[in-house]
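A single chain comes next, written as structure tokens; it is the form predicted alone.
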Amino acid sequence: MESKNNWKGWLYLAPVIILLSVFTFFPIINTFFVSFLKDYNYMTGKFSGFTLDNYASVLTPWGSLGGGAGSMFELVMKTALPNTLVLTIITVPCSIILSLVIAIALNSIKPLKKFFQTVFFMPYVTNAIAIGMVFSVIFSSDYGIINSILRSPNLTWITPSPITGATVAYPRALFAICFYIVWHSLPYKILIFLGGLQNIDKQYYEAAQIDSTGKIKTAWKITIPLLSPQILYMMITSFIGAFKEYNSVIGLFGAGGGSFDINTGPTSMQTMVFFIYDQVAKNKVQYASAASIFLFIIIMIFTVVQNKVSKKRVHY
């Protein structure tokens, strides 16, 4: 009887399968195919053969484009990839820890609870580019509120000072974009953690109160272990989101990705996805495809490692 009704299940799934095939599976396969094409023209679809030089030019200094200043290799391996990894390593733990603390605090507040939840969730429904432009004003070297608080009008964060001509140091630009990413990513994480907190059985906390357990120990021994599925979910999705960071760079630094003092780190804040979009705009889709596959492999490795490490620490 069940086998006779299988066609109904496939019929219900057909729209989703079709959409996934057109907008997910085909683009991935096509990107993998294009990454091996030589002299590929995106507008006409013509190419002159198959090659590994696209990967060599992006990932090594020995490709046909070389590895000198301004080359694909320099942009990816010395700017885009380091920026992406640094942003991921800094913003993901900070945003998860902060959102968990805020969620626990909100869950314990009875008056105005819904109001505070709404306030914290508002950045999530606001356009990322618009928020980035607001942050670019906040971190302005001339009239930004950060410099007003620090009483340092010539401290450059995002753009060079038009007054003194001082360049932007990479650490300050990194702080500005990390601050923005963490702030913008908090609402969704807080919402997920609040949902998990409300599903925890109250008898665990009642038992802790009977044993006179402190709040910090209760959170460490009860709340965090019982929220481990949500924490794992947020870690995986946050790492993937951080590796795909793009809107924040555009919002803060503009289409060029910024220009920094070469002695303090990478010369711009371009990320891997920024590099990919930039190459597509320049009709160098084969190099963008090679970088996309490289990024896809990195994300897959991080996801697999997280799943392996978390198996013994996640309690369902």
Partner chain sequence: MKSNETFKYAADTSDMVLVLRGGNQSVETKQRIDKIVHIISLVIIYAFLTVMGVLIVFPFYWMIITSLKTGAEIKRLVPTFFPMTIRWANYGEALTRLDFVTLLRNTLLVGILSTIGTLVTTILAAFAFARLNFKGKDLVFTILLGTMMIPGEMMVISNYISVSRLGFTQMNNYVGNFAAMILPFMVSVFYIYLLRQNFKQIPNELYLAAKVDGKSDWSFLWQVMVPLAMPTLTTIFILKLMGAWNSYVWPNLIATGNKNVYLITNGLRETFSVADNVDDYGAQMAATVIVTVPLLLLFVFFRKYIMRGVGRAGIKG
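If you superpose the two forms and keep the largest set of C-alpha atoms that fall within 1.5 Å, you have the rigid core. Numbering follows the first chain given and starts at 1. Bear in mind the structure is a predicted one, so any value in this text is a computation, not a measurement.
Note that the form predicted in complex with the partner chain isn't included here; everything after this is about it.
- Among 158, 72, 80, 227, the residue placing a heavy atom within 4.5 Å of the partner chain in the predicted bound form is 158.
- Contact check for residue 58: no non-hydrogen atom falls within 4.5 Å of the partner chain in the predicted bound form.
- Looking at residue 296, you'd find a heavy atom of it within 4.5 angstroms of the partner chain in the predicted bound form.
- The partner chain in the predicted bound form is not approached by residue 267, whose heavy atoms all lie more than 4.5 angstroms from it.
- Although the partner is absent from this view, residue 28 contacts the partner chain in the predicted bound form, with a non-hydrogen atom inside 4.5 angstroms.
- The candidate stretches are 169 to 177, 199 to 207, 125 to 133, 80 to 88, and the one lying within 4.5 Å of the partner chain in the predicted bound form by heavy atoms is 125 to 133.
- In the predicted bound form, 273, 276, 277, 280, 281, 283, 285, 288, 289, 292 are the residues of 272 to 292 with at least one heavy atom within 4.5 Å of the partner chain, listed from first to last.
- Taking the rigid core as fixed, one finds a CA shift for residue 282 smaller than 2 Å between the shown form and the other one.
- Annotation for residue 32: C-alpha shift under 2 angstroms between the shown form and the other one, rigid core superposed.
- The two forms, fitted on the rigid core, differ between the shown form and the other one by 2 Å or more at the CA of residue 17.
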